[in-house]
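A single chain comes next, written as structure tokens; it is the form predicted alone.
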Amino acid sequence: MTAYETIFVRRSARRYDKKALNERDLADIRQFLDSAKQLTGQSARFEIVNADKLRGCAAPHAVLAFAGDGDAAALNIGYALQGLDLYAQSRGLGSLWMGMAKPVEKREDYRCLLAFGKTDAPFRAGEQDFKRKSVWEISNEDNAVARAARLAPSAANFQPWKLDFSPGKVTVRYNGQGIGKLLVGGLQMIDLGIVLKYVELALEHEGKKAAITARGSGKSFAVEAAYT
């Protein structure tokens, strides 16, 4: 199953086999991380740790993400790690973004983690199994890219983004507000990176190549994917 195909059946796994993965599976995850695509100008670091190095993690393993401050750095983490999330699930593993879990050892540049391991949680049967906003709530067009993007995971499932399509370009803007913004803390830009990965994969599935640029900050932060 490809990363794009996994979008439509992916499930956030919340129960796991506590047994550690074998070294072959872990090496495969490490290899993917080592070659994970990151956004231009960004260089997040990723580290695989076992559950005994974490607080509040239900899975046997997690990938810790480390980066500097700023919206672009957070965007890049979401973008890069969502690639791993889809890859792990395409291989039959479970995965879960965990905003509340933390590493035991405090490190100033730690930003978030993605938990993973074996699970018996089944894939979704299809788009009808997702609880998400409608396409028109998150996009100015109903098309294949928007339909893939609406399935992206986000903190507390708030989906704080808006897609604006114009000829040869799709712009992804932060659209979080109200109590949702307060509840998810500093995860909004990571969420924006997650949906950006879905946008890119959907464009690639249609045979288009996207050039991604980020601009602005805070409420005015936006990402443009120009494609041909």
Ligand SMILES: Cc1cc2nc3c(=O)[nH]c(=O)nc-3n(C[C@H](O)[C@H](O)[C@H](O)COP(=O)(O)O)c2cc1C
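Just so it is clear, the model here is predicted, and its values are computed rather than measured. In case it trips you up, residue 1 is the first one in the sequence shown, and so on.
There is also a form predicted together with this ligand; it is not shown, and the following applies to it.
Pick from V145, L86, A155, A73: which residue has any heavy atom within 4.5 angstroms of this ligand in the model of the complex?
-> That would be A155.
Applying a 4.5 Å heavy atom distance criterion, does L201 contact this ligand in the model of the complex?
-> No, L201 is distant from the partner.
Using 4.5 Å between non-hydrogen atoms, is I138 touching this ligand in the model of the complex?
-> No - in the model of the complex, heavy atoms of I138 and this ligand never come within 4.5 Å of each other.
Heavy atom to heavy atom, is G99 within 4.5 Å of this ligand in the model of the complex?
-> Close contact exists here: in the model of the complex, G99 approaches this ligand to within 4.5 Å, heavy atoms only.
Close approach of R11 to this ligand in the model of the complex, 4.5 Å, heavy atom = Yes, contact at 4.5 Å.
Can you say which of 165-173, 46-54, 25-33, 191-199 gets within 4.5 Å of this ligand in the model of the complex, counting heavy atoms only?
-> In short, 191-199.
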